[in-house]
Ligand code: HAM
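The chain below stands alone and is given in structure tokens; this is the form predicted on its own.
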């Protein structure tokens, strides 16, 4: 019978992989809590219209990458390609769109694209949404969170870029100027950039075409169109966080989703190669009203966990592990009673019960091949004397026979 493989771009994560995952996720959760953020969990499946209305029809996510299909009621539903739209949908549905909220989330997302390093079809994101806060202190808070993540997770060689996309009027003026400037170069644009120029000119600043990038260097800059207060915000952010992270203003920075307005930002690391961004976000003051809710100023970010984990320099603490061995199967019930006592005393230690029917010699041989620090051995002699043997697996020290009470005390202090 033919074996069934996993879907392309949807990897399994085994125990050794998850040591790094757990370490990073726990640190992120601690950072989020230190900023008084509250967790929200939204469904993996949403109506496809949610992403069409929020992400935008010109986005590659909607046009090429979304996992969409019709359910039994012929409704188009999609696996979520990003987290913000679902959060705002939930806030509107619960009638929380007239109040302030500080939210974080974490979980899998899905995009149908060519798998490559740090970029899979099932990937994982953590995100933050500060909802109901006008431009100003919330923008500083968001960059502060980014700075904390970079420093707490010990990410090196990081660039944090910021830009401001302006309000609707300044965006419209800049877009018209950009279209006019690029008009003589239209025939040189590839099909994707021609569509961007027609439907959402700002997105053309995100082009990967090196020739077009050179042309754009001579074109209009959004700096000329945004307000003095927007420029001042960028300069103040740079001044405030210049010591805690390498922050620079990049007037060509845009984000790939249509709902962004105002401040946008992106953290990247040279250690990631071509796809070097691992945190990105910005302000999206109009998204709630676009999805049928009240006006709700907001700013958010998303973190690519696969990329973040690959560049984090966190010191991962070695797992504390002890092997419990019985010499014969007839004493297993007592062993499990003792094991339960041990686990209740110290949950930071992994107690691995040897469940095989092998000889004591074979069990010890296997124990020596693990990363366990000690073996606890319970045999017939130990039952009679109400003792248990503690054997070090880290050096050549002799094993000692101790009372069960002394063993409990030893285990509690590991």
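Positions refer to the first chain, counted from 1. For clarity, every value in this text was computed on a predicted model and none was experimentally measured.
Note that the form predicted together with this ligand isn't included here; everything after this is about it.
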{"query": "Contact flag, residue 120 vs this ligand in the predicted bound form, heavy atom cut 4.5 Å", "finding": "yes"}
{"query": "Residue 281, heavy atom within 4.5 angstroms of this ligand in the predicted bound form", "finding": "yes"}
{"query": "Any non-hydrogen atom of residue 260 within 4.5 angstroms of this ligand in the predicted bound form", "finding": "yes"}
{"query": "Touches this ligand in the predicted bound form: residue 171 (any heavy atom, 4.5 Å)", "finding": "no"}
{"query": "Heavy atom within 4.5 Å of this ligand in the predicted bound form - the one residue of 188, 224, 250, 113 that qualifies", "finding": "113"}
{"query": "Listed residue (241, 133, 324, 105) with a non-hydrogen atom within 4.5 angstroms of this ligand in the predicted bound form", "finding": "105"}
{"query": "Candidate stretches 208-216, 122-130, 96-104, 156-164 - the one whose heavy atoms come within 4.5 Å of this ligand in the predicted bound form", "finding": "122-130"}
{"query": "Whether 84, 277 and 300 all lie within 4.5 angstroms of this ligand in the predicted bound form by heavy atom", "finding": "yes"}
{"query": "Heavy atom contacts to this ligand in the predicted bound form at 4.5 Å, residues of 161-177 in sequence order", "finding": "none"}
